[in-house]
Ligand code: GYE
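We begin with a single chain expressed as structure tokens, specifically the form predicted alone.
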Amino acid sequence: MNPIRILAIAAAVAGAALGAAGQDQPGGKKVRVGFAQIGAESDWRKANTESIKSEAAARGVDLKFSDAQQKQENQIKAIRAFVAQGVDVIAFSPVVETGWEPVLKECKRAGIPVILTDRAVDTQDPSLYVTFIGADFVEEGRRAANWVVKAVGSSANIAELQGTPGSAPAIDRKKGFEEVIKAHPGLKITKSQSGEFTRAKGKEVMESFLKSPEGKQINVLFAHNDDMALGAIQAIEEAGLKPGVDIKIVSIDAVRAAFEAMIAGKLNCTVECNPLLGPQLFDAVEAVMAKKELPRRIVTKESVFEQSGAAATIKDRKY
């Protein structure tokens, strides 16, 4: 019997959700999913890609994968190519929030449902995508700021390494962070610039921060991701300072390298942003193929990790 028919019977009897056998359409035809990834700019993104590819393989999904190399125009080209190929579902992590309506309307006209992962889009038409799976970036910013308040009290000169300009995590993490520190007038962001979510750019920007007139007063660094924080740590050390001591550092993602930096005493705190979205993505794909209704927003579960617990926690990290 065809796997999809077996599942349909099981669901009718037990009320179960569509499971791992849901990758085949009637007639044994594999579900085809087009995924347009941002790039490979960080350890987080690499783990995210691996999670998506491995989960697709495990479920027998025919995955069409594209790496946009952090360029929106490349993602748009990839999505149009997926439409031309007639895939069943399109999923992507948008480089930036705006500028997607024309290509999403093309997907809608073609009858191809769209799932957003990791990052959202800014659109006036909510029918252009089915659901958004990802973290609450505003809450991540709040968690980072709450750690700063706990760690240094109500007075600090903060340097901020922002993510890619116009991207959802950069906008929302900044928003959440500022929402908390505005209640503490002594916590001031004295330097803020994009490090483009990369280690190299994070190092470059931190070097410029430290050489600026305000550089000697910086005693806290908030980095929108771990890779930028790791680059900044190099810059701080090269300037003759002790990262994690002279400058307290909090970042976001909770990749393995961040735990290694915490164990070394160079990073103080990392706020988790879980990249392992493959299972949730393909659960959603299966639900879409079964014509089941999905919530508009699916939030991933995340934690906050401090230096004191890093050695005990690193063994459980999968990325």
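The shown structure was predicted, so the numbers you read here are calculated from the model rather than taken from an experiment. Sequential numbering from 1, following the sequence displayed.
This protein has a second form, the form predicted together with the ligand, left out of what is shown; the following refers to that one.
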Verify the contact flag for F222: yes if a non-hydrogen atom of it lies within 4.5 Å of a non-hydrogen atom of the ligand in the predicted complex, no if not. no
Taking heavy atoms and a 4.5 Å cut-off, does F197 contact the ligand in the predicted complex? yes
Even though the partner isn't displayed, in the predicted complex is W44 close enough to the ligand, meaning a heavy atom within 4.5 Å? yes
Using the partner position in the predicted complex, report whether D118 sits within 4.5 Å of the ligand, counting heavy atoms only. yes
Checked G231, G141, P243, P169 for heavy atoms within 4.5 Å of the ligand in the predicted complex; positive is P169
Only hit among M262, V250, A284, C273 for heavy atom within 4.5 Å of the ligand in the predicted complex is C273
Tell me which of 78-86, 179-187, 204-212, 118-126 has residues with heavy atoms within 4.5 angstroms of the ligand in the predicted complex? 118-126
Need the contact residues for 55-81: heavy atom within 4.5 Å of the ligand in the predicted complex, sequence order, or none if there are none. none
